[in-house]
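Just the one chain here, laid out as structure tokens, in the form predicted alone.
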Amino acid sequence: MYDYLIIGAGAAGCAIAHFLKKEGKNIAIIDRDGVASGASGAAGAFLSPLAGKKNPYNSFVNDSLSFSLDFYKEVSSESFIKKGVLRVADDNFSKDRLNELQNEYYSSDALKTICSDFKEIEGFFYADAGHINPAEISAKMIEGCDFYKKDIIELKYENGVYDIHGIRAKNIILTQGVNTPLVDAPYIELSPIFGLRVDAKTSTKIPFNIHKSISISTNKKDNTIAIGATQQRHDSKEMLCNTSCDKCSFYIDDEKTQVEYLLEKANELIALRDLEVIKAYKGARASIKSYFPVVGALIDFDATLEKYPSIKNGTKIPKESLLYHPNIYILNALGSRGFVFAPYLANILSQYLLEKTEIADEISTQKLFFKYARKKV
């Protein structure tokens, strides 16, 4: 009998497992393909701030980053490299926006004194940035938890206990990303965003991470580097995933083109000498239009509207009066900043579960529920 069964072993699932295990809870985690096998395994796992004037979203990102940098250093200093990031202006981030925080500016000449392989670029250096090895850090986070490699089709609940293939638990936490949901929650409208990472060898010594439209990591301890990018695919249509990206017909013939794109963009920033691509990783990252992730107890949409039909007309119902699926919680929609958000959100969810600490409205299931009920029904 487990206190919590976590379904999905990506960044979110592994992080919440870590926090709950740390509090003495008996934890099991299940994944169809393995630990960090989907979007999290394909992540570049770059830990970078969000530039620009202060607003609710970039404040949320940067608060998450500050928390997560300390977290990863404590959990596994071996998997964490903090050497900062050089941000180069592009269509989305102008020089003025990148300099909102008055970061150190590097001219093209200055960069060439640091590394002669830099191309004719300039940028702003952010010291509080780094990257991690996603597979290593995920495995480290779930040490002491029981792991099962199983494909879950449905949740069975009886007499206050969930029983899934003989694995029994009092509570369920869904951290499935864009995989086909096990519980109907139409108000959580997830969209998959395609992500690609290439691991490669190069004789070029890269002094710090570099980011423009793609990201390039500094050299890891084995002298490999990571090159990664997140790109909206699927023509922005919603679609649910019931297989891995490596087996999905949408991607299966597209890897060569995507890898060539990454290498072309990387070469515009720095010359990667003696480059040898080792492996490419693909993953569909879960996102919501607001970009904010979602955390909390899972509301029973149909039962709540049946009891309170006036919600559709804008009637305000206290959050505690809504009807919830028994002991089911969610942590999802981390988007392209999965490893930035995961520890911060997992800490928030664990405090909610163990201490009843309220979850901020901007990331709550209730906010999405009310918005959907009033506009869609």
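Quick caveat, the model's predicted, so the values are computed rather than measured. Each residue number is its position in the shown sequence, starting from 1.
One more form of this protein should be noted, the form predicted in complex with a small molecule, which is absent from this view; the next part is about it.
Taking a 4.5 Å heavy atom cutoff to the small molecule in the predicted bound form, the contact residue among Leu196, Val295, Ile225, Ile142 is Leu196.
The stretch from 86-94, 118-126, 170-178, 217-225 that comes within 4.5 Å of the small molecule in the predicted bound form, counting heavy atoms only, is 170-178. When contacts are judged by a 4.5 Å heavy atom cut-off, Ser40 counts as touching the small molecule in the predicted bound form. Using a 4.5 angstroms threshold between heavy atoms, Leu111 stays clear of the small molecule in the predicted bound form. Not displayed here, the small molecule is approached by Ser336 to within 4.5 Å at the level of heavy atoms in the predicted bound form. Looking at Ala266, you'd find every heavy atom of it more than 4.5 angstroms from the small molecule in the predicted bound form.
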